[in-house]
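Have a look below at one chain only, the form predicted alone, in structure tokens format.
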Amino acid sequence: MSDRLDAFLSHRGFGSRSDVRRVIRSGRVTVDGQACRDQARHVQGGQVRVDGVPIAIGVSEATVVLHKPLGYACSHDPAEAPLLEELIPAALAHLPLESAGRLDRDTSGLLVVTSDGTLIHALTNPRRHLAKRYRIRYRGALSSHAISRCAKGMLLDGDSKPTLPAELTLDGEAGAGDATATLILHEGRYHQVRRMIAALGGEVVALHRDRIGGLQLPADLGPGMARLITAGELEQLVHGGQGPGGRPGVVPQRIS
């Protein structure tokens, strides 16, 4: 696979496309030893230099599974640091990686980060109703009809439509007056888990996502760790866990 010269340099930290085009027009870039002012030239295996310094080709695309720890923002704004991108392996830092969906700063767990726009669309398209599983620690007493209300769909404050049917399981006491639950959603509204639990009478004190589609958070990924997705995991992610009721047989992970 080849990249346009302007995209190639932009993906490797030389600024925006407009910044890179100014660098190319200035004559500072060479390809295979020859000055190149053609921003649309495709680079595939050739030697690219800027001011005489060779630029590593590196991989041109990647999909990463990441265990997001608490405190990190799914943002590119330095003002919101620490940022998710700080956890990406250095060998992939030149790629335009984006997370397929987000977790807020106070939520931990599984994220998929990729340069593949088609995959992002497949994982975030609301028509797919891709299942996402959350482990919840909460305080307070939930409504006696909490399970059935989730199953039927709930109208949350500020929303014009009820939620899609969701699967709530009450897991039991967690100590210190808290309890735990599992919630499987098939959509992704703003702070949806927290809002649903609040509407049912509780308050979320810890939230962790451990599954997207059929992909369980890999056991080899501790908080803050990231690695390339395997072919098998990609298959589980894309083709497993669609629609209400899909539950691969995995061992639940409780949150602390």
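This is a predicted model, so every value here is computed, not measured. Numbers follow the displayed sequence, beginning with 1.
What follows is about the form predicted together with uracil (URA), which we do not show.
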item	value
Residue 134, heavy atom within 4.5 angstroms of uracil (URA) in the model of the complex	yes
Contact of residue 115 with uracil (URA) in the model of the complex (heavy atom, 4.5 Å)	no
Distance check, residue 229 to uracil (URA) in the model of the complex, heavy atom within 4.5 Å	no
Heavy atom of residue 194 within 4.5 Å of uracil (URA) in the model of the complex	yes
The single option of 180, 163, 107, 99 touching uracil (URA) in the model of the complex, heavy atom within 4.5 Å	107
Contact residue in the model of the complex, from 84, 130, 103, 150 (heavy atom within 4.5 Å of uracil (URA))	103
Contact stretch among 51 to 59, 185 to 193, 216 to 224, 29 to 37 - heavy atom within 4.5 Å of uracil (URA) in the model of the complex	185 to 193
Members of 202 to 226 lying within 4.5 angstroms of uracil (URA), judged by heavy atom, in the model of the complex	207
